[in-house]
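Shown here is one chain on its own, the form predicted alone, set out as structure tokens.
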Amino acid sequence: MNGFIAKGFGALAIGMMFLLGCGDSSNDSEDPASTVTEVSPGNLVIYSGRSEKLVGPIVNQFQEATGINVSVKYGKTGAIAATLLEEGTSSPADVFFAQDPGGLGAVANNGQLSPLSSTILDKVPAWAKSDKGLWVGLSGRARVVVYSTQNGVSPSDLPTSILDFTDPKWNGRIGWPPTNGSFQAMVTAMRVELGEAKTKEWLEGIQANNPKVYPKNTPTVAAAAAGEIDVGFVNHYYLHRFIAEEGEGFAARNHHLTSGGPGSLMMVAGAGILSTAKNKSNAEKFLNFMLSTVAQQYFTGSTYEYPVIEGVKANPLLTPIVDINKPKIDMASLEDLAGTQNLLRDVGILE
């Protein structure tokens, strides 16, 4: 886990020393109007479940645009959520920037997120925010099946539903990242749509097909291109990043399952403001910035995600949202991260 970004602390300290040194002046004849005091734009502490590689550039752009001294603690969404739950009211965090609704829900359900203003919430559609107004989606991502062109797999070889990958013909051919937050959000969606029993049955069916386990999406996609697996369950944008870096010869492609269901879920990465935030005004400025045209164009242009505000077109490399047979699942219903993790432990997928 990366540490804190601490740019600007030296300048802030010098400014504070200057103000303290000038606070006890005995020169009554000095004209107060002739003294100019520079007001610091202040600080902001972000706990990010999104990687620095993905969101670091836009966070830095916010810092440069506002002059606010931003500190970021990076890690996996689940681990960051656990840290916030452990820290409770003593947390120094102002903003929780999560990869998925599950992590946000865990913190919100513990009473640690404060209601957001309507000026923030009204920027996004109903499906992309908390039904209680406690967090807001900042970018969209679709669940896909990545398949190996290295191994000669084509879309016609794939089933129409993720449920059909329990067929024994997929034995030894599947890769998945069960500790990944987005994968767990997909399982949560399965629990919401199909119920606990059928979700458990699916997980056990995939387990019976001896899937290869990866720590996150990136190595899963790389494994498909290398021919280690035929298919993997991932978010859509990782493939586009590989193609941008390695060219069109990268030997894997995405497939949107045609029958819909949890395997075609459209999710959001989102953020909320801690109820104990010491820099609430700056936290609101951060969320407004992330929902600005500039930031939304960054997300779709640089990280290949879907914008969540009107007026910003998705990257032309992406499958249009209207062409994805996504399930009609409210993002707020994906907040039961703990229930999903308990089920994964029961099945023996998580320790």
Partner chain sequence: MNLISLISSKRVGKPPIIILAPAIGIGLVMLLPLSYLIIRGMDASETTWELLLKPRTLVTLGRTALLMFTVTLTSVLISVPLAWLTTRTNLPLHRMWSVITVLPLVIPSFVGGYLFVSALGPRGLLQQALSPLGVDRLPEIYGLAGATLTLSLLSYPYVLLTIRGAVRNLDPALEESSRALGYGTFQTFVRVSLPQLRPAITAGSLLVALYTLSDFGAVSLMRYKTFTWVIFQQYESSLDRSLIALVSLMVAIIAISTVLIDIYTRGKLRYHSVGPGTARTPTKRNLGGWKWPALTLMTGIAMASIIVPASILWYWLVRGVSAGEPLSIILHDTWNSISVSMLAAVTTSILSIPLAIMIVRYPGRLASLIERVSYIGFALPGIVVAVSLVFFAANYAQPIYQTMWLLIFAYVILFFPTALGATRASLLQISPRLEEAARSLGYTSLKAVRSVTIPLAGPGVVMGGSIVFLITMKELPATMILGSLGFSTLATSVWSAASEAFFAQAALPALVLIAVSSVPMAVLVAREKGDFS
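Numbering follows the first chain given and starts at 1. The structure displayed is predicted, hence computed values, not measured ones.
Below, we turn to the form predicted together with the partner chain, even though it does not appear here.
Heavy atoms within 4.5 Å of the partner chain in the predicted complex are found in exactly one of 267-275, 114-122, 245-253, 190-198, that being 245-253. Using a 4.5 angstroms heavy atom cutoff to the partner chain in the predicted complex, none of Asp131, Ser281 and Glu310 count as contacting. Only one of Phe183, Tyr74, Trp202, Tyr147 comes within 4.5 Å of the partner chain in the predicted complex through a heavy atom, and that residue is Tyr74.
A single residue from the set Ala81, Val231, Val95, Leu138 has any heavy atom within 4.5 angstroms of the partner chain in the predicted complex; that residue is Ala81.
In the predicted complex, Ala314 stays away from the partner chain, with no heavy atom inside 4.5 Å. By the criterion of a heavy atom within 4.5 Å, Glu86 is counted among the residues contacting the partner chain in the predicted complex. When contacts are judged by a 4.5 Å heavy atom cut-off, Thr179 counts as touching the partner chain in the predicted complex. The partner chain is not drawn, but in the predicted complex it has a heavy atom within 4.5 Å of Leu337. Taking a 4.5 Å heavy atom cutoff to the partner chain in the predicted complex, the contacting residues in 213-229 are Val213, Tyr214, Pro215, Lys216, Thr218, Pro219, Ala222, Ala226, Gly227, Glu228.
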